[in-house]
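Below, in structure tokens: the form predicted on its own, a single chain.
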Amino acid sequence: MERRLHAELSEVLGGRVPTLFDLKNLKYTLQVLNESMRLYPPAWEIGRESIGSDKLDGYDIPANSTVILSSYVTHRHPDFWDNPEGFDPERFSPLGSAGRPQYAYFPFGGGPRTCIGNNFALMEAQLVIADVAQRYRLELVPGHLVEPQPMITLRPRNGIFMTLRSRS
């Protein structure tokens, strides 16, 4: 996975700073980003209010009820994802995405209330990943436990301690 990412970055960027015009050619970089957000979605749960009564999987949902949708849980559901705890950017290739239900992946919510900043966030993150990953190998500091802390957004409880090693 890491080799494939670095190969794409070398081929597309050749050591230069990525630009907006490179995004369409950084396909595997986007797959890495999407897989990262599958496992650790920034908005790990969202609330919605039901506009009418409904029944969902045998449960009655009265009108005006708050329903909590958890992308963190859905993104790990084995009905939608093989090896749901594993990191596999190929899930987001055209072949890997074929046939997946639309809302099996919703790191920015969905429908008319999708996060207004999702496209900017994806663009910015893809450019940052490309720029950093072509210059450095990032390695988790041995023994550092990365533990999710679910607050309004999902964040690492004790931070993430990394060692950066130059790729040159």
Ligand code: HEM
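Only a predicted model underlies this, so the values are computations on that prediction, with no experimental measurement involved. In this text, residue numbers run from 1 along the sequence as written.
The protein also exists as the form predicted in complex with the named molecule; that form is not presented, and the subsequent description refers to it.
- Proximity of F108 to the named molecule in the predicted complex falls within the 4.5 Å heavy atom cutoff.
- The closest heavy atom approach of G117 to the named molecule in the predicted complex falls within 4.5 Å.
- At the 4.5 Å threshold, heavy atoms of I46 reach the named molecule in the predicted complex.
- Taking non-hydrogen atoms only, R137 never approaches the named molecule to within 4.5 angstroms in the predicted complex.
- Note that among 128-136, 38-46, 51-59, 96-104, the stretch whose heavy atoms approach the named molecule to within 4.5 Å in the predicted complex is 38-46.
- Heavy atoms closer than or equal to 4.5 Å to the named molecule in the predicted complex belong, across 144-168, to no residue whatsoever.
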